[in-house]
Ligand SMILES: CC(C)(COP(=O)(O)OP(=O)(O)OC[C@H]1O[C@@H](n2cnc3c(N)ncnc32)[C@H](O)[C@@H]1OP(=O)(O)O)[C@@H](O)C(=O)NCCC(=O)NCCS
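One chain follows as structure tokens, the form predicted on its own.
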């Protein structure tokens, strides 16, 4: 078997092979793009070929940036389009492609990679661990009232004839501190540059977020609101008229579904939530991709009105150079840990002393006794602060060698807020 990089001439073969691997047929191209594979970078794709030259497997990466705790931006290859023809599964093709890809990424100087896992059991064996999580929140329209925030006081309803209200809900007039802002409804085709700009400002400050390169927006490659699928967009503007948030949504059969809500602060999110919750002629509002610990449920007057479902992993992280990865992110507590790290897929076993002081980390090889022993996939899970090391200790994945080691690791690895990723790739 041969694994080789592709060129632009291989695009059709690559697309046909990955679709065949998943038992699907390519969609009919539409004018101006809109197909997910139009964003592929062919110099970052791989084809697995049989001895007689038949393509049987595919893998690729996108060139993204990942926001780490401390608002540090780092390169993050986004692994995608991984597939093996059903006729060649369980013959080592996938393992060979993943090993080839990881070796290639290291040669490029990358110190981590990320992916979205189609099936959870697959990628752990290649060193990836789930690092961000997402859920769906469904709110019945008749229970959509928002509570008055006790810590911020009451904002009185606007005078008759004022245009400062946020819809027709029973609590009209309260906007959680965004009374100087406004919401405008636009069609997706009318606000492409606004979405691109607001998302970019959001992702630079959100741990776990990935960049959306301009070419994705220009080619309309991906899922809504990037894709050309018809959507309405509620755009929030601040008191100076500058867009600082949006909610992309559609309605069908009495359900308003919000694809994603992007906001530069919680008050903007609350204003956008209030807007969609006040929409007429719908029976329920579904918020896709709500991060863990988000305050929206607490903002509802009826806490039980928000039904959480679809709780799942999203972004998986794989570290390729542990010292570089650990020194790249920000830290919020001083301390030190000795980490004994096993990487069975690449056949590596190393021990490092992690020392954090004044928000910076130093990570060097050591022969000191370990505080924690863990698999490289476990380190990927805790890296962004979305998974507590103590949870993996209790699950039997991480071994704590002394009392207090897991508690210290929890405190060290925490992020300034829960990591979250919205981007699909």
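Everything numeric in this text was worked out from a predicted model, so none of it was measured. Numbering follows the first chain given and starts at 1.
Same protein, other form: the form predicted together with the ligand, not shown, and the subject of what follows.
Check residue 82 for me: does it contact the ligand in the model of the complex (non-hydrogen atoms, 4.5 angstroms)?
Yes.
Test of understanding: in the model of the complex, would residue 121 fall inside 4.5 Å of the ligand by heavy atoms?
Result yes; residue 121 sits at the interface with the ligand in the model of the complex.
May I ask you to check whether residue 150 falls inside a 4.5 Å heavy atom distance of the ligand in the model of the complex?
Heavy-atom contact with the ligand at 4.5 Å: absent for residue 150.
Would you please decide whether residue 21 lies within 4.5 angstroms of the ligand in the model of the complex, comparing each non-hydrogen atom pair?
Yes, contact at 4.5 Å.
Heavy atoms within 4.5 Å of the ligand in the model of the complex: which stretch among 91-99, 231-239, 67-75, 194-202?
Within 4.5 Å of the partner lies stretch 91-99.
Within 4.5 Å, heavy atoms only, which of 349, 108, 125, 142 is in contact with the ligand in the model of the complex?
If I apply the 4.5 Å criterion carefully, the residue I get is 125.
Could you tell me which one of 185, 333, 116, 218 places a heavy atom within 4.5 Å of the ligand in the model of the complex?
Exactly one listed residue reaches within 4.5 Å, namely 116.
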